[in-house]
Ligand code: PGA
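First, one chain by itself: the form predicted on its own, in structure tokens.
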């Protein structure tokens, strides 16, 4: 019933207006699935390779499609993804592109779910237990996502006390609106970055102060706790010797001390990519200092790669793993990274990218693997698509 009979690929637009890859998969029984690859602005050195979309589409048509059509069942995700890897023949999808691979991988999963008449998260292995992940809302953006703004890439609202996904989503939207009001009150005329977060010429400390005030106001209104978090994207600040912030240059030990102090001062509940992507030792030192009080999440450190997760676990680096399917090229690879994290007691955090699309797969993936957190952003059609899908999943299952 799920034998793949057709795979089609094309270029489509992402949220930045850039080209990305979309794939359609059809099965012998009429099942249909569509997947679209997102794209990151600040990408880790160890991520799977994203090819220019025209090249990725052409390469996948030549090398992958003939091995899938009439040969592989969409209902066997492991086989689909194994064939994609075999068709590519490299360790990092540099032949057909991780963007084409992840689009086909997602489309096949959706086609199989369509045949089964089941939600995607059920097909991917999830069983709903009355809980959905807490959405992390990016409300102030900087770094590679917003020129002329903060050094840190993201300042996040984390509605840890929300009783439901819908309450959490609306709380994040309210924090976003309140941050905009506070910035205007302070004389700024804020713009918006790649993910719809506010961008203004602020120091990181000033942004944290605005975020703390906004989350306090909204928490009082909604009646539940809203924490704060940051994505430092420290690799973007690191020049190989030191971390070059706008206000100061910090050596490794100073960067570790700086982030630890921020966790203490602002009671941060989430800290992502606080140090360089290759520095497992510094991550371990920071985790030892603050890991009992906050989530220390590796994105560029782990790049959704199960082997790098296991290396980090051995070193004691971080206590959470960011999961982005396009970093590894397939849904199976993403689930492997989650499993490696779970085995070590690390927290999986499923995430969007800065160049996003209307594809809502990550909402289903987060529920399927029982991830406590889902990074979605707070506003913007491609961001709210994920939030609204999360709300629907919760509503349909209760």
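This structure is a prediction, so every number in the text was calculated from the model and none was measured. Positions refer to the first chain, counted from 1.
Omitted from view is the form predicted in complex with the ligand, to which the following refers.
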Original post:
Is there a heavy atom of residue 271 lying 4.5 Å or less from a heavy atom of the ligand in the model of the complex?
Top reply: no
Original post:
Taking 4.5 angstroms as the cut-off for heavy atoms, does residue 43 touch the ligand in the model of the complex?
Top reply: yes
Original post:
According to a 4.5 angstroms non-hydrogen atom cut-off, is residue 353 in contact with the ligand in the model of the complex?
Top reply: yes
Original post:
Is there a heavy atom of residue 99 no more than 4.5 Å from a heavy atom of the ligand in the model of the complex?
Top reply: no
**OP:** Quick one: find which of 353-361, 25-33, 339-347, 63-71 has residues within 4.5 Å of the ligand in the model of the complex by heavy atom distance.
**Re:** 353-361
Original post:
If you look in the model of the complex, which residues in 133-154 sit within 4.5 Å of the ligand (heavy atoms)?
Top reply: 145, 153, 154
